[in-house]
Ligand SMILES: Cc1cc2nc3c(=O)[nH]c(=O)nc-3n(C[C@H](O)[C@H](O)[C@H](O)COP(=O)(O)OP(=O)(O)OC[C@H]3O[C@@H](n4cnc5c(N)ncnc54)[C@H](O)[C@@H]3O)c2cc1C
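The chain below stands alone and is given in structure tokens; this is the form predicted on its own.
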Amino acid sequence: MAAPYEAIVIGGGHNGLVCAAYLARAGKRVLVLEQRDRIGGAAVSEQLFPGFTFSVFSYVVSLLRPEIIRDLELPRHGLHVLPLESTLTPLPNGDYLAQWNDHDQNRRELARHSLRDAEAYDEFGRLMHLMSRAIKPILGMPPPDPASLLPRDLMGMGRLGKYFRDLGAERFHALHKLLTMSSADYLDEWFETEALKATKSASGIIGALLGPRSPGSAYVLLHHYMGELDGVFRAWGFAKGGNGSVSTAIAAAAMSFGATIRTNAPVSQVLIKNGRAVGVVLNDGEELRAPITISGADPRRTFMQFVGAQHLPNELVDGIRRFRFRGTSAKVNLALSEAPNFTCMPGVGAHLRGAISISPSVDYLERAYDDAKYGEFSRRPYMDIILPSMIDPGMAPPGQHVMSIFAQYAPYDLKGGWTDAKRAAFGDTVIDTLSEYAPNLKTSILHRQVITPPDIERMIGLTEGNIFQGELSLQQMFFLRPIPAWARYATPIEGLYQCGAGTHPGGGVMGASGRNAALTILGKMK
């Protein structure tokens, strides 16, 4: 008797859901298995405290690929993205740097700090737009193996070579610099305002144990610059109802095509018979069969936990053991009795409907990284903050607010290990630092949640709490993600594939890994 499903997807994170939706859209019978009681992985919304709803882990939308939104008709399934209007960087001297969506307003603000930077900013934006467009086709390309002589890989390398030739010398040189330089050095070539350089370079350290002066961080800056909403690059938004509504919309699309989703269904192992994946075994011993099994988990969990080293070639096992995670990002979620009142820009205004970045200088960020290099959490952390209830009032009771604080650095391998006391101390450090800019914050806190990398690992299964399922660094990108020869979503186990952010093109709520994996599988099914 034929198996009731043609494909089983391990993990109901957004990439797993995207993969399932594309397979189901093509008429395949698909089952998604999620270990938690809710879908979404890191893209979830939860009412942590009565009346206060939080995007517990990931919290903004921009990297989600527009082709996925179109193909799956996500707005029809409830996705509604609200734009973030600004980025405010408070400064220790009581001044601020604000960046606005309005071009003229933004130019006037930059000119207040530096006429040179105001002039350079448009040219910088145009170049980054071009570089984002240059990288965009690569996001949807299964990476060819440069060491392979298979026709598929040779053709892929040929297409890639032609693509880079067509960029032209000037654009290729600009892209080469972005792929190899540090974000701080790259931005030094453009700007002189410290707060502007720091706030921009902060995009190059997100989710990585890197500092703004670490080589390769400029690529991470570009990765985050590829955000796109309604065709506008570098446009960031907030999903109405929190980031869980992104996952809910994708799941609704998958189910509309016929996919089945089971929660509270943790997988213990991939079932392998005669060297082929034939399904999975759940923690309670239930066996589920399908000719195709797809893991949305990170590479270490997929290969070392679900499959087991005994089924894998030694070079893959060695490569996965070398694959770097090094989670370093923490999250502090606050329920507030009132909006924060920033000394630099008092009162409630448009600046609270955007992002707030605690990144006054490149030196500030580098010192925060110095603490992490030696196994400590940052005494003065970098923070990226939004107030979802200012954008979507339904997230909190009337007159009250939720605050989402993304903070670095909080290294997974903290010296002496993470304890309840150290988690609380890190939370206090975040609050104390932010209170220097918004003095009413401490007295307005009703509830707080502090999530460290070990908490992320425990709660949603991301190894070492890395939010991208592995560092976004040059040695772990494109045909090297997760390891050479196995970067095309397939694995050495026949019938087993990967679709998580540990594959090309990497992390963020992007969905590209799930889509690429599904298209690869559908191509092989033909």
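Heads up: residue numbers just count along the shown sequence, starting at 1. Predicted model only: the values in this text are computed from it and were never measured.
One more form of this protein exists, namely the form predicted together with this ligand; it is left out here, but the text below deals with it.
- Remark: Pro397 does not count among the residues lining this ligand in the predicted bound form, judged by a heavy atom distance of 4.5 Å or less.
- This ligand is not drawn, but in the predicted bound form it has a heavy atom within 4.5 Å of Leu462.
- Among residues of the shown chain, Ala518 is not one whose heavy atoms approach this ligand to within 4.5 Å in the predicted bound form.
- Although the partner is absent here, Phe57 is a contact residue: one of its heavy atoms lies within 4.5 angstroms of this ligand in the predicted bound form.
- With this ligand omitted here, the record of contacts in the predicted bound form names 35-43 of 35-43, 490-498, 22-30, 65-73, defined by a heavy atom within 4.5 Å.
- Between the options Gly349, Gly78, Gly258, Pro266, the residue in contact with this ligand in the predicted bound form by a heavy atom within 4.5 angstroms is Pro266.
- Proximity to this ligand in the predicted bound form, taken as a non-hydrogen atom within 4.5 angstroms, holds for one residue of Leu414, Ile456, Val307, Ala251, which is Ile456.
- Three-residue candidate spot His14, Ala297 and Arg301; every residue lies within 4.5 angstroms of this ligand in the predicted bound form by at least one non-hydrogen atom.
- The partner is not shown here, but in the predicted bound form the stretch 498-513 reaches within 4.5 angstroms of this ligand through a heavy atom at Gly500, Ala501, Gly507, Gly508, Val509.
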